[in-house]
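Below you will find one chain, with nothing else, as structure tokens; this is the form predicted alone, and questions on how it binds or moves follow later.
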């Protein structure tokens, strides 16, 4: 695995998660994908876990181990996003039933073992594109893994605004207590929140192009993304945001993104700002002392290059058909 970046994917697939799976797997020449853990979020634990198995096998990556993670938030009742992702989590797309099975039902122990088994001197990047429940549990239960985690690149939050409430993004809102644990852990974080993901998407014409493609992977992703346009969130929109794929593309093409170091806290109250990521835009602390933020908050992207890279990644699966 020389010169490859070690990556663990934590996800709740999810239509945009499926696009992120495709991007990561398309770049396996650069990435050593050590494993995938499911987390309840966009759909129930059973559904997102099944989707992770289906997607890895469908995308020709059945060798990547998949484990089951948390079935719900740390303290709250789960609330899925079926209105956006559909009953299965993958819109109207029906993927073949997989032959592969879970590598473990206890994903937490499996994640710990994989991280601690890395060769001496190596670290891992955790790419978290669902609620942060698994990552919080991992850090709190096995703090010894922290020094082996190079950084956490996550899809979640926003410096301004939200999508499930006026101030909160879904992944953080779903489990704000877990998010706070992760943001306070002292591990470098890259936050791919709504500030940048709302710059990154595909048009209706581009999604139709995937559907009209002769390739099975492009067509499947097109079917999933077409479902977005039928949901309340996008039915009047000319473009669909593909939040989680933005996080995946940042891993392999950080040069098309930009951001600022910010201090970030998470509102865990029961009030209207539950799940808000409070981004301190100041360059000093409460005592007026100059400080550096703990999180790289992405807020810039080249949308044209993003579309090109995303569509190229999707097309790479169908070149031999």
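Note that this is a predicted model, so its numbers are computed, not measured. Positions refer to the first chain, counted from 1.
What comes next is about the form predicted together with ligand BDR, which is not displayed.
- Considering ligand BDR in the predicted bound form, the lone stretch of 68-76, 240-248, 100-108, 136-144 in range is 240-248 [heavy atom distance within 4.5 Å].
- Note on the partner interface in the predicted bound form: the residue among 206, 231, 213, 163 having a heavy atom within 4.5 angstroms of ligand BDR is 163.
- Screening 132, 155, 90, 221 for any heavy atom within 4.5 Å of ligand BDR in the predicted bound form leaves a single hit, 155.
- None of the heavy atoms of residue 51 is located within 4.5 Å of ligand BDR in the predicted bound form.
- Not displayed here, ligand BDR is kept clear of residue 38 by more than 4.5 Å at the level of heavy atoms in the predicted bound form.
- Contact check for residue 170: a non-hydrogen atom falls within 4.5 Å of ligand BDR in the predicted bound form.
- Using a 4.5 angstroms threshold between heavy atoms, residue 42 counts as touching ligand BDR in the predicted bound form.
- Looking at 5-20, the residues that come within 4.5 Å of ligand BDR in the predicted bound form, counting any heavy atom, are 12, 16, 17.
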